[in-house]
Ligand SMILES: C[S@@+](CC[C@H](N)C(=O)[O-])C[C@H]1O[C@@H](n2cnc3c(N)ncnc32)[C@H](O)[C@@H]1O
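Given next, in structure tokens, is a single chain: the form predicted alone.
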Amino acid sequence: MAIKYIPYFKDTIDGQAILDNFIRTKRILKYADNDKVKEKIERGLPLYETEVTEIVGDVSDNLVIRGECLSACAYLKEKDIKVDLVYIDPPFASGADYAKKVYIRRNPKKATALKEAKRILEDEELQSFEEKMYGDIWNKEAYLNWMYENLMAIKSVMSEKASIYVHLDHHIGHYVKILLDEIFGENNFRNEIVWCYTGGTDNKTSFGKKHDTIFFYTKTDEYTFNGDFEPFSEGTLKRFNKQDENGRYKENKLANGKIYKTYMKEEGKLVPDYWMFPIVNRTYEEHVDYATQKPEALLERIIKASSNKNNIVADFFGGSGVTAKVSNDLERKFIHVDVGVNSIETTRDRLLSANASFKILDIKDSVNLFRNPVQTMEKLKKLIPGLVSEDDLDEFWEGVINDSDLGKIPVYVPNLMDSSTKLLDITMINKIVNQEIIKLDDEIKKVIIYYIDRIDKKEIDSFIKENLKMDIEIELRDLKEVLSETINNDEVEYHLDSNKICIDTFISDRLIRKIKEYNEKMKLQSLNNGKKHHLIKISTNGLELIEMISLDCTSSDGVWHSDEEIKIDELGYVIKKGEKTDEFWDGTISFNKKPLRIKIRNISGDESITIINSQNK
């Protein structure tokens, strides 16, 4: 449960309107559950315990936070940290599932054979499968309520001279623009920036959709803006063909015959609000194989324009970590927030390569996620005993459990993609009792409601007793008990040899099951289309399932110190301290100081920590 709730804004008094012209938004958008959002904002931001899990480099103010936007903002408010620039690239409500291609590494033994044969491994020979990163599938009303709450939280941690850039596209951007007008004020709208990019399209029924929209707002009318300038064209230079002590100019003749001068700025002309930056693909050095990665040049323009050195730049949907990386390059402080472990790991490795110093924080919000929310939801369906899908039920219910005595029991599970479902309160119980249960068939005798956090049970029971008009039992179950089962460590066997740890075997039951499912799918496709599909083969030692190894030579528990570290790229080459080498990984990691713990990250991003047994030789 949350330690406490922190007001979004200071000095809010009872009865004071803190949502400004909220009724206006309700009237224009006509989306549901406005009162629920209002109630949550009046309650405040949920503050949870936080744990520093790793320190990279010298201790600094730079933060990488695993957690949701709301709880991260609560942490910043509690620490009285104000941000000077916000860039967010939240889900677009696009209806798409975003996947990550997971590459099987080259087994060290085979890599050595390749090196001896002086043969380079080609990209086509790489074995891979895909895993979902996150599902961007939203009900429009749920999305807008979620965004309203997040934007209010972000505003509450912005400094008075801060700016915010909200990156969206055609799916939902026009709706969010109305929210931004209300939250930040129409007078504080500065630009609708269009980011244009190229690439092929198979769409034959409309023009290719090749741009995103970035809304630029400020908190007040006093804000940082440095602009960005580009050279004048040759034609313009020719028109400004005269010069005096004030610089180059052109003469303009008025109707009354008077002549005045227009001078050319030395730095060039201010760039317009449409920007051309290419999408980052595998041919770019900055590519980190993250589905929604944005180009560094795009963030460089934004960060230079709306911040100065030593300002704090925050990204609350941090993704690939481009905002943090570019901020560090430009000598700004950064705060990266994301709920997915793949984002935190990608950003951590990217910042390590950039020689950044930062702390990694984990927000203990009682939600034990497996990699990311969408994969956790998939696992939950398998972990709830007896849960099966039921087509006849409303989508509110996750499925049913078939009971020999009671028949079908509908089951509700909070959507981990939507933080607004985390707390079981009177608003949610009211929805269940007065909207969802009354839709069920008369033969339903019981429902099961899973929750992550809840208000006092007596208050919930009292509400149910007074309002439930049907003869039906409501059973409340704590989802955290199921979530705790989603995390299982991989297993490693090793031995020490002088100043090296040699990895003998690495076993990841989760990956082996995933690869088995992939192979079964490929076999089925081969039967259906007659084409031969390559199956993924894993060696008995399983070393090709390892992506990164880190040694902590400082502490045997608590905050992680990566004193020695190697990463293995897709082709089997070693990356040391962020620098790529031409060495194939040989199954070992060297150390100068006695290691106390070893951390191994598998190719899907799961990390397991093992205490080093010095007797293991």
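Throughout, we count residues from 1 along the sequence that is shown. Here the structure is a predicted model, which means the values were calculated and not measured.
Heads up, the form predicted in complex with the ligand isn't pictured, but that's what we're talking about next.
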Q) Since exactly one of 171, 294, 190, 248 fits, which has a heavy atom within 4.5 Å of the ligand in the predicted complex? A) 294
(Q) Which residue, 184, 87, 506, 148, is the contact with the ligand in the predicted complex, using a 4.5 Å heavy atom cutoff? (A) 87
Q. Just to confirm, residue 316 within 4.5 Å of the ligand in the predicted complex by heavy atoms?
A. yes
Q: Look up in the predicted complex whether residue 338 has a non-hydrogen atom within 4.5 angstroms of the ligand, and give yes or no.
A: yes
Q. Closest heavy atom of residue 552 to the ligand in the predicted complex, within 4.5 Å or not?
A. no
Q) Any chance residue 69 has a heavy atom within 4.5 Å of the ligand in the predicted complex? A) yes
Q. In the predicted complex, which of the stretches 510-518, 171-179, 284-292, 327-335 has residues with heavy atoms within 4.5 Å of the ligand?
A. 284-292
Q | Sequence-ordered list of residues in 159-186 near the ligand in the predicted complex, where near means a heavy atom within 4.5 Å | A | none
